[in-house]
Ligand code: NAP
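The chain below stands alone and is given as structure tokens, in the form predicted alone.
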Amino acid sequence: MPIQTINPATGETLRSFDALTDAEVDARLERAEATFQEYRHTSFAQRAAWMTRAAGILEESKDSLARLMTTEMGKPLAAAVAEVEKCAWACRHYADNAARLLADEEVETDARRSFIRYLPMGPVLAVMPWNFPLWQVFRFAAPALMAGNVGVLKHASNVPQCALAIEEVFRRAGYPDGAFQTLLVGSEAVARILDDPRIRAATLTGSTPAGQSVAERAGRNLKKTVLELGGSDPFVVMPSADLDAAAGTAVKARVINNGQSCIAAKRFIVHQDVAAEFQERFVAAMRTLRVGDPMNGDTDVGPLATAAIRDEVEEQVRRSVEMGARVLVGGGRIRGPGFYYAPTILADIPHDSPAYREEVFGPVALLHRARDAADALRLANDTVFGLGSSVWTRDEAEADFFIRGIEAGMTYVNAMVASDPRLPFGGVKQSGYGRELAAFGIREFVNVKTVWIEGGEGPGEHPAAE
């Protein structure tokens, strides 16, 4: 795939970039390794000062960074501004909490003293997607850099300017040269980079096939990986739910980021007793959405990020309708320039259709009816994915039934799924493994070292705690 900025609202190619040569990549990996050998000894206080400055730069630059995101991948401008602000929040969260989260942990044993120390691993490769071009990177970079690692970013080829802008944020914040670098390379370069001994671990957010490829290559090299992959999140509505709140949130949860989010609600599983009422509210709300130029403040849904993504969504819907699915609203691309697809709801979806079996990465909601709670749980788990889930009920026992039973990394009750720096984020099944954010995220890329001391004086304070 060419490394280009193509405005998805118009289809116009705005900028093209040459991929780095192998020699240029090698030079940057050498810089990452050399920087790590010094950076690993910096204190938490110094790292926090740099990270706090990065948060400030994000906040100061949020309007220009948001416009860049919208230009490259089409999300509504207000959502892009909110994404930059969330990145700043993550930076401040880890600046304020990393020292506590990675503090030595004393353990009572037969030794005079024994404890656990968390030490950085080295350069970490981040293979990141286009759909949240800043947030996906910062939720990796903030904990990784605060832990004492350095980052090497291979971003999606359709958001090259966002990738370079992230590197510039860290440079302006005062980080050492080589602490965070962007590599403008195609996906074919990832295997070679993973093979390089200077890369110690990798994280990927993207499709399941991309995750399988990175995990296989990293496994050959015995390198740790964290994978956040696709999702087909269930949104379960039971009779006791507040239907107005559920239907309103359902629309937002489906079309967030123009429907291009791994944790967007995609499968709406509604108890038969309230299915007709929920459907009426859901369809009416979807009809009111304004589709248009993402730079306009009154736009609810912008274009899909690329022509290929729009075409894939169109094909999934077309084939599903041919197999018997029923279109309640939408159901096709919007003619004219840009990569627009109408907000859509499908019902009566055949079990073997693409809309049932695959992740639909666009503003297409899949409506199902359930006989009872057990049937709703069966439908919720009838997928290869297991990222997030949302359950709407005012019955605490019923909520606990779904919390225990849904095969997913996250369950939100009477709320839509969202990432939060204070809580772990990740999935199970083909949605990946490992966790980002919270204490779990910062501890993914560290050496969890056991220390046993029999005699003599123990070591002083951890230098990074100064």
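This is a predicted model, so every value here is computed, not measured. All residue numbers are counted from 1 along the displayed sequence.
The same protein also has a form predicted together with the ligand, omitted here; what follows describes it.
Within 4.5 Å of some heavy atom of the ligand in the model of the complex lies at least one heavy atom of residue 130. In the model of the complex, residue 302 stays away from the ligand, with no heavy atom inside 4.5 Å. Not displayed here, the ligand is approached by residue 228 to within 4.5 Å at the level of heavy atoms in the model of the complex. Within this chain, residue 412 is remote from the site of the ligand in the model of the complex, having no heavy atom within 4.5 Å. Partner contact region in the model of the complex: 200 to 208, out of 200 to 208, 163 to 171, 294 to 302, 362 to 370, criterion any non-hydrogen atom within 4.5 Å of the ligand. The putative spot formed by 282, 333 and 344 is not touched by the ligand in the model of the complex; no residue has a non-hydrogen atom within 4.5 angstroms of it. Site annotation in the model of the complex: the residue of 240, 272, 381, 187 reaching within 4.5 Å of the ligand with a heavy atom is 187. Checking 98, 387, 179, 137 for any heavy atom within 4.5 Å of the ligand in the model of the complex turns up a single hit: 387. In this stretch, 339 to 357, not one residue has a heavy atom within 4.5 Å of the ligand in the model of the complex; the partner itself is omitted from this view.
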